[in-house]
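Coming up, as structure tokens: structure 1 and structure 2, two forms of one and the same protein chain.
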Structure 1
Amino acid sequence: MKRSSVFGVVLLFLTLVLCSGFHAWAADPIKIAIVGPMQFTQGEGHWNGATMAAEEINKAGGISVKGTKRTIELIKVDSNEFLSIPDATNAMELAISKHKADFVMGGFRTEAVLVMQDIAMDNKKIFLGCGAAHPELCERVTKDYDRYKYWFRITPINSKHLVAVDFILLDMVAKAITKELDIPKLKVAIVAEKAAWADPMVKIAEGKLPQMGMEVVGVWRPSPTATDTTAELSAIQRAGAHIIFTTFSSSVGIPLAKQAGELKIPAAVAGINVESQKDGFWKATGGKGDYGLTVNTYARVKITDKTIPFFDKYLERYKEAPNYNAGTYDGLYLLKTAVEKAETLEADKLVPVLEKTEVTETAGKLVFTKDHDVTWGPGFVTAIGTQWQDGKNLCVWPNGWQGVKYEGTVEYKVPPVMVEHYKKKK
């Protein structure tokens, strides 16, 4: 064999060896398990938000750890937590022990998240909660810091603050009606789905509404899955309610809004209605749910500089507006900032850094409280109020609340059917 041929073969061999070993040179990816009910819209939100963030971060080179760029590898883990709690715990164990996740993110049903939280804490894994609102999850951090310090809540704001936003929105609606229709004392119908989480809400509303100068004309508790609410609505109409104060997380939010529109009930529908946060609400109610108001997290409004680009990109890619579980997007960016600051993935070293990290992401400025909850209030995450106006779910709150008004926010509109009814009466 000629000397040049030998040289060529050796060169080829070396090239092949180098190429095959190329992966060994690259730093291992950072594994992040997204644990959620993936067969439901909540889990889809978790996954979609995280996917968008991971792709963006990876495109920009990844997360820098001690000068080495490491990409993100997402692991999709279906917790099936709506149907089975053991399934959810198995999913969390699978994410940590089999998939060797460096971090876990997600969770929705509080009863399941509590157990999943324990598994993550047993393994000293940082768990970024993106779905469950119950305060207990964060109160555990205060009660037993050493054990539960690895838990942080990204989204939503905790249920106590959700209630606060709910009443601020009610007050805004009441003021708008009083201003436009000059009604001396407003009557409110409390309509809450028959579910445990709504019970305290009803109690609080019954006590608080008279203090706010309003009269409670009755409490109605339809089934969360009711498909006909005409009986309740007829009674509400007879009671002369000006506001229908809703507390809905389930499908009943659709028939109530639709039938209130069909019956042309002269009252403003406002409160919590998770169904009306979704894009499909307009189609589902045939447009009859117009002028309904709900507490929300995302709308096409400039909460921060990042909100509208995120909202548009999400809408374009998934053909629907992001729900609050898509806050995994913010979670991933927060993690990137903290890891780059701490220069480590070690949970014990990362926790104090996360506690002090302040980042401005799509839902607002993320800063953790002492119990690792997301801070609520002006300058931080506020949540928003959205009202359907002619087929668009628009942000109507905060609109000057404690100096906060997001660019793109519009004025709340009193439903025209109500205006017409009460002006004709006069």
Structure 2
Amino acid sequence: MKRSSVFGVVLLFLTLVLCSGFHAWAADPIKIAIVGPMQFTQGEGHWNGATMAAEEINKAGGISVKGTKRTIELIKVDSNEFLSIPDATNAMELAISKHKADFVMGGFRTEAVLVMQDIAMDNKKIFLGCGAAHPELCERVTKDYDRYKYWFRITPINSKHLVAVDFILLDMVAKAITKELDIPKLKVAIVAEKAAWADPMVKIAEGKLPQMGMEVVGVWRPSPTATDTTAELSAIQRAGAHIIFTTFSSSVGIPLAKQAGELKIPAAVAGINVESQKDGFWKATGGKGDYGLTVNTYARVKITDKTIPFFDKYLERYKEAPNYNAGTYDGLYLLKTAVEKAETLEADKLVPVLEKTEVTETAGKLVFTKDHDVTWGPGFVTAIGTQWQDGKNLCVWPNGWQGVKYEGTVEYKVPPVMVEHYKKKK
């Protein structure tokens, strides 16, 4: 063979190799829009959790689609949904029409997520919810499956289950107070931010608390972004409440906790307070939020084998504990599992695969109900209860509930200011 012919064969071979390699290298990334209130801790959680998962998955080669590895490209979209529902609408439109996202993930404020959900459904985009708790978001799947089947909730558990956990925590607090202070009938102040997701929880609480042997001394509904709650707290103190039962997802959780501490109200603060889930809560309240109890998703306890490694890595990188919106981390891994099973990004083919997918991630075993909600209960995602104790946010529940106790859980403590107040009265 002449030298020129040999050179030609070699050149052709190299060209084919390079073209083949280039094709694999150049496979389009999978675009995932992370949509949330990026100027607030909830949006930061969305973005941080997703970033960690995307980096890990990409480092391992990406997501395999029909044998081709494709990396994840995250798109950060600020919904500004705390301040403007139209901004949230525009954000979802932007994610889909301009950024050409293959999937969308995130959302927080129910009122905003409902409209963002409609836009995603109109475009047949799979939308993994990682923030809004209202049952209606999943009930829509049952009412109109063909339209809403592209919606799945990853986190949190819905507000009906949050209520259940809320009351279990409340019962735990009530029993601890009764045991330590021997108060015959506990008085409870219901304090919930003025938002749609909290409405059904307030209604249920008003009916449920008397059945639990407690007296409701009033209902207060401050703005989600209120910066001063002294008027509400003063009224609560005058009412003689032993427990301040909170339902907060927004920044109002900080001033209420701080001002309750400053006023030295002899009451236990318990319920839902998303702000108290993050490490910055301690500094933001000047330590006045100590002994507050909240429903939570993450603490440094062994919910699954993945929880503590994720928690530690998140804490090291972002200098704070993950809030529940960081469940985008689990969402990305769930999506990876489903895409690799389905071998496609096509939404209509992915939906039945997602419906049947079972994965154990950082918050528990993730399995969807018929209406595409996250399954709650022992063996699945339970949520946890965390209490600030001397500057540390510790898991205090489940602590034997239905046989569930996560390694690292500690006992709940009645606030010392309450113990001191009522023991002096005796």
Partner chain sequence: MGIIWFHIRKAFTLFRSEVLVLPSRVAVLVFVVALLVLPVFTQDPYLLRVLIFTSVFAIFAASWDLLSGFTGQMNFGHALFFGVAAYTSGLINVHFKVPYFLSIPVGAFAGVLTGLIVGIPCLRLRGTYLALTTLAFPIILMGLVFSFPDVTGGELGVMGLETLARSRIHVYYASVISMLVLTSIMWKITDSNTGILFHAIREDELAVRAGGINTTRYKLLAFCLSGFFAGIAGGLYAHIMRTVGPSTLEVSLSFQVIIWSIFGGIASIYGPVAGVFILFPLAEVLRAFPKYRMLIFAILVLLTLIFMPQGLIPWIRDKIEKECPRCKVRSIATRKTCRICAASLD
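Along the sequence of structure 1, residues get numbers from 1 upward. For clarity, a rigid core is taken as the largest C-alpha set superposing within 1.5 Å between two forms. On a predicted model such as this, the values are computed, not experimentally measured, just so you know.
The form predicted alone corresponds to structure 2; structure 1 is the other form. When the rigid core is held fixed, the Cα atom of G129 travels less than 2 angstroms between structures 1 and 2. In the core-superposed comparison between structures 1 and 2, E275 has its Cα shifted by at least 2 Å. The two rigid parts differ in orientation between structures 1 and 2, with the smaller turned by 14° against the larger. Summarising the core-aligned comparison between structures 1 and 2, the C-alpha atom of L186 is found to shift 4.8 Å.
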